[in-house]
Structures are given as structure tokens and as C-alpha cells.
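One chain follows as C-alpha cells, the form predicted alone.
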């Protein structure tokens, strides 16, 4: 079996080296915001989303160099969302990946600007990427903006995360939890897999398989995060734990309980592994990644 931790580690080293070149420092005081952007985007992380872009593109023979701009722009956008999530007005967190959050390392105003900078730079960088054909770039930009936005995208999910409360109706509550995860966590993971399909000019069937795989691992990923918030080791996880309960967050774990939530995650992963087997031996890394998602301790 391929060691997915080693695979991710080797990918991260290469990806981080290339990602660092995207943030040249300008002269003058304005370089502070670039420093804050680079600090946040280079501040560790599993690089799960860019790995998915490259691995899914690789199913169709697309090499790392061609896939990199789509992967890098996604990680920039993801990092913007983390900066803003950590702000006092939202999750009010002091730690991210074991280090001070952007507003603690710099200041709140700089953190807001750094998040804005990463969001806009993600699209600027992707639009200028000559490795990708213009029509494919346009499709990726459309998909990424939709995945990140307020109409069924990540912003909608973040809004639900802040304001959603149980209704007392089983069906309604299950629907809220599912939609929250699908938009907040799931949409960027779906984009990662779908971007690989778009880069590889996948068939409609192949693209749908990758979307379905992404939906299942996305939900399982969020359940694993909810469980880690309850049971994880803060030194390993690298962020403040037990915040879901203290902030009365509506999560898979708060609604279902630890054991049912863990069982649900396992079923989702089993189904994702089975689905991606359509691609044969080429999908081994994606299958192992699915297993890792619920076995990780950070």
C-alpha cells in the first residue's frame, strides 16, 4: 500500500517551494500586507486541496506543472477564508496550525486586508496562468468563484456555521447540517476534484464520479474535524479545541453524537473508495487519501 502520509509530505515540500515564489515582496510600507499573505498561506497545512487538484488531473495525464496554477490559486483562496474565520468577529481564534493567527501575528486591520488580498490574488494568478488554455481557465474561474461565493458556496456555509441553530425537526436539522458542511467545507473540496477533471477534459461520467467522491470525503472530513474538536490533542491539531461546544456550534457531533458520527464518516469513506475504483490502479492515492481523512489526528 502507498503511504499516503509520505505522499502528502513529499507533495507539500514541492508545492510549498513553488508556492513561495508567488509572493515577491514590493518596496515600501505596502509590503506588510504581502508579508501577512505569505505568512498565512505558507503557515503549514496539509495541502489537501492542491493535492486533490493535481492527483485528479493526473488521472487524465495532466502533469504537475500544468495543474499547479489551479492548485495554487485554490490554496490562496482557502487561506483567505482561514484568516477571516480566525478574526474576533467570527471564530476569534489565536492559533492556526500551531502558530499565531494572522491578526495576532500582525494586527486585525492587516489580517482583513491580507484575506482580501489572497482572495483577489487567487483569481488574478489563475487568470494569468499560460500553462492552462484560455477556455479552461475561464471554466476554472467560474467554478472557483461559485464554490467560494454567497450563492450556495463557502460564504453561505460560513454564514450557516455562525447562525444555524437546531429547529427541533429531525428532517430540517439534518438538512441544515448537511447543507452547512456541503457549502463551508465541501464546496472547495468539490472544486479541487472538479478542477482536475476540467484540466483533464474528463467525460461527463468521469467528472460526476469525481464530484461524488469529493462530496463524500468532504462530509467525512468535516465529521473528522468535529470529532477532533472534541477529542483531539491541541498540540497536535494546532488550533484551539472545544470551541464548537463553547460557541454552541451546530455540528455532526453535537447533533448525532461521537459514535454515530464516526460510523457515518466510515460509511462515506467506504463508498468514496468504491466509487473512485472506476479509475483502477491510477486511483490508489485517492483511495488511500480517503482513508487518511478519517484516521488523521490533525
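Residue numbers count along the first chain shown, from 1. These figures come from a predicted structure and were not determined experimentally.
Although not depicted, the form predicted in complex with a small molecule is the subject of the following passage.
Asks: How about residue 207: is it within 4.5 Å of the small molecule in the predicted bound form, going by heavy atoms?
Replies: No, no contact at 4.5 Å.
Asks: Given that the partner is absent here, does residue 58 sit within 4.5 Å of the small molecule in the predicted bound form, heavy atoms only?
Replies: Residue 58: no, not in contact with the small molecule in the predicted bound form.
Asks: Answer with yes or no whether residue 230 is in contact with the small molecule in the predicted bound form, where contact means some heavy atom within 4.5 Å.
Replies: No - in the predicted bound form, heavy atoms of residue 230 and the small molecule never come within 4.5 Å of each other.
Asks: Does any heavy atom of residue 32 come within 4.5 Å of a heavy atom of the small molecule in the predicted bound form?
Replies: It does not: once the small molecule is placed as it appears in the predicted bound form, residue 32 has no heavy atom within 4.5 Å of it.
Asks: Which of these stretches, 198-206, 102-110, 147-155, 122-130, has heavy atoms within 4.5 Å of the small molecule in the predicted bound form?
Replies: That would be stretch 147-155.
Asks: Considering 268, 48, 37, 67, which brings a non-hydrogen atom within 4.5 Å of the small molecule in the predicted bound form?
Replies: None of the other options qualify; the answer is 48.
Asks: Which one, 212, 81, 182, 139, lies within 4.5 Å of the small molecule in the predicted bound form by heavy atoms?
Replies: Among 212, 81, 182, 139, a heavy atom within 4.5 Å of the small molecule in the predicted bound form occurs only for 81.
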